[in-house]
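A single chain comes next, written as structure tokens; it is the form predicted on its own.
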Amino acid sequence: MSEGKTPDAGRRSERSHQAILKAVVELVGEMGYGRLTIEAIAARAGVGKQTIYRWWPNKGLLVLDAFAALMGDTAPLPDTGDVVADMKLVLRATAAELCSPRFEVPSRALTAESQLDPALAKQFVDTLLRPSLEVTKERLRVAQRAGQVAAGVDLDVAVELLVGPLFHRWLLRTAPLTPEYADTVAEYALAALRPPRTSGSAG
């Protein structure tokens, strides 16, 4: 039996796995998705091509896994009872991540490629974006139950009202993506989503 070798083999395997994911993120930022090759990834990571193919059947799945690792697990959003304050915190963190060099360069490359490749775009949305959108939707659902968001609001549209402006500004570079801008988006969007005031609540 090879039980004595298993821990070392496992550590080597994990090191190779992490080296591959790191190489993918670096190379996508340097050369774009279209020019990225398994050969280049293997050379950067210091592994053989067969090592990569053993874990990923194609480049698209490998790139998506690399970005999922870069973004980390999707955690529930904060719930202090004040949805405006919570969403300010979330949108500030989103803006900071979008502007981080470690994230921005490869993300722009993958976003650009997804516009030309519908299959990649669907994988990109389902694997990387949808989980984040769903936890935002759940936080708004809690706020809706608490009376901070109007009962008839379409929560999918509400999520887009919050995150859409940040991605628009980031993608088109129309203006700096600042913490103050993130706060303003949260304030404006949630003001529009509040339940209508009754005549008795005025004044």
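Rigid core here is just the name for the largest C-alpha set that superposes within 1.5 Å across the two forms. Throughout, we count residues from 1 along the sequence that is shown. Here the structure is a predicted model, which is why all the values come from computation and not from measurement.
Heads up, the form predicted in complex with a further copy of the same chain isn't pictured, but that's what we're talking about next.
Checking 94, 132, 114, 127 for any heavy atom within 4.5 Å of a further copy of the same chain in the predicted bound form turns up a single hit: 114. Though the partner is left out of this view, residue 184 does reach within 4.5 Å of a further copy of the same chain in the predicted bound form, counting heavy atoms only.
Taking the partner from elsewhere, residue 160 is found to have a heavy atom lying within 4.5 Å of a further copy of the same chain in the predicted bound form. At a distance threshold of 4.5 angstroms between non-hydrogen atoms, residue 153 is in contact with a further copy of the same chain in the predicted bound form. Contact check for residue 60: no non-hydrogen atom falls within 4.5 Å of a further copy of the same chain in the predicted bound form.
You can rule out all but one of 22 to 30, 62 to 70, 174 to 182, 49 to 57: in the predicted bound form, only 174 to 182 has residues with a heavy atom within 4.5 Å of a further copy of the same chain. Superposed on the core, the two forms differ at residue 39: its CA moves 2 Å or more between this form and the one not shown.
Panel note: the distance between the CA atoms of residue 112 and residue 57 is smaller in the predicted bound form than in this form, the difference being 3 Å or more. Whereas the displayed form keeps them at a certain spacing, the CA atoms of residue 57 and residue 118 lie at least 3 angstroms closer in the predicted bound form.
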